[in-house]
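Just the one chain here, laid out as structure tokens, in the form predicted alone.
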């Protein structure tokens, strides 16, 4: 029983990071109705930014987090103007194809630079022991940082003028323009925020697990599951959905082979699409 509880706790810690990754995906959807298929590649960018900052510059691992937030925001704005801006207001298939093309370009550049070999970043953090079970310090720290960043995003969206502008554009872009809000700049900023969240989640994931250039696909798929759990366009629900997904992984791991976990997750994905199309945690949306 204690072993199951330990697995659940560890799953919840990892789930908080899943939630942070999905917040970037759902923020972009909620503001501009764009499903970002470059999401997984951006998560990988965050992983390799950590690797380069630690190995080349000797920066402390968690010192890469604020760097990735700023760098991810800048990269996101650049990607918006390159591949998304002209797709706003067009059929969703256009933005899907555009962001998929960005995804392939990023993966191609990453493969040419780093190949597909596995990489690992050594992070020394004290662990916590409880009744013979050890919870790694990297998992605890990553979860804590994910919750802090999610809290800062909430403050930005609901307690600043910029956040009010973002929510106004998400609700009714035409009305926001009539009120004098520069909607194009707001859309670019929202995309930058979404990319920054995806990138920093990749940075946190890289402190916990080995990774390759192709690792982003798995986390992108998890982000879609989390987004469906939390409700499209609902950042708060995404965090709760991520924790729920981690909880499910923690509960399932002691009872079945790891290879069956994706089957359980995507079975839940289909069930939610049918039974809860607005998301199980859609009530958290303000």
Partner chain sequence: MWRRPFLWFIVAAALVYALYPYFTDDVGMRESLLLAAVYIILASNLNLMIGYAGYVNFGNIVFFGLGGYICLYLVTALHWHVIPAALTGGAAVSALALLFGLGILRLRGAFFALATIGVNQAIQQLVVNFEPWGGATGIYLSLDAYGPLGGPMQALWTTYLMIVAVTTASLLASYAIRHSKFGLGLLAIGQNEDAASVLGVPTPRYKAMVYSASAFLPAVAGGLYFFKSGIIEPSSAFNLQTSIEAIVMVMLGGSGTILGPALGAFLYEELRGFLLTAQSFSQFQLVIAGALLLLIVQFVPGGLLGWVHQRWPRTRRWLE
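Nothing here was measured: the structure is a model prediction, and the numbers come from that model. Residue numbers count along the first chain shown, from 1.
We do not show the form predicted together with its partner chain, though everything after this point is about it.
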Listed residue (148, 96, 74, 156) with a non-hydrogen atom within 4.5 angstroms of its partner chain in the predicted bound form: 96
Should residue 87 be counted as a contact of its partner chain in the predicted bound form, where contact means heavy atoms within 4.5 Å? yes
In the predicted bound form, residue 101 touching its partner chain (heavy atom, 4.5 Å): yes
Using 4.5 Å between non-hydrogen atoms, is residue 78 touching its partner chain in the predicted bound form? no
Would you check, heavy atoms only and a 4.5 Å threshold, whether residue 224 touches its partner chain in the predicted bound form? yes
Report the stretch among 52-60, 34-42, 65-73, 235-243 that approaches its partner chain in the predicted bound form to within 4.5 Å, counting heavy atoms only. 34-42
Using a 4.5 Å heavy atom cutoff, which residues in 102-129 contact its partner chain in the predicted bound form? It's fine if the answer is none. 102, 104, 105, 107, 108, 109, 112
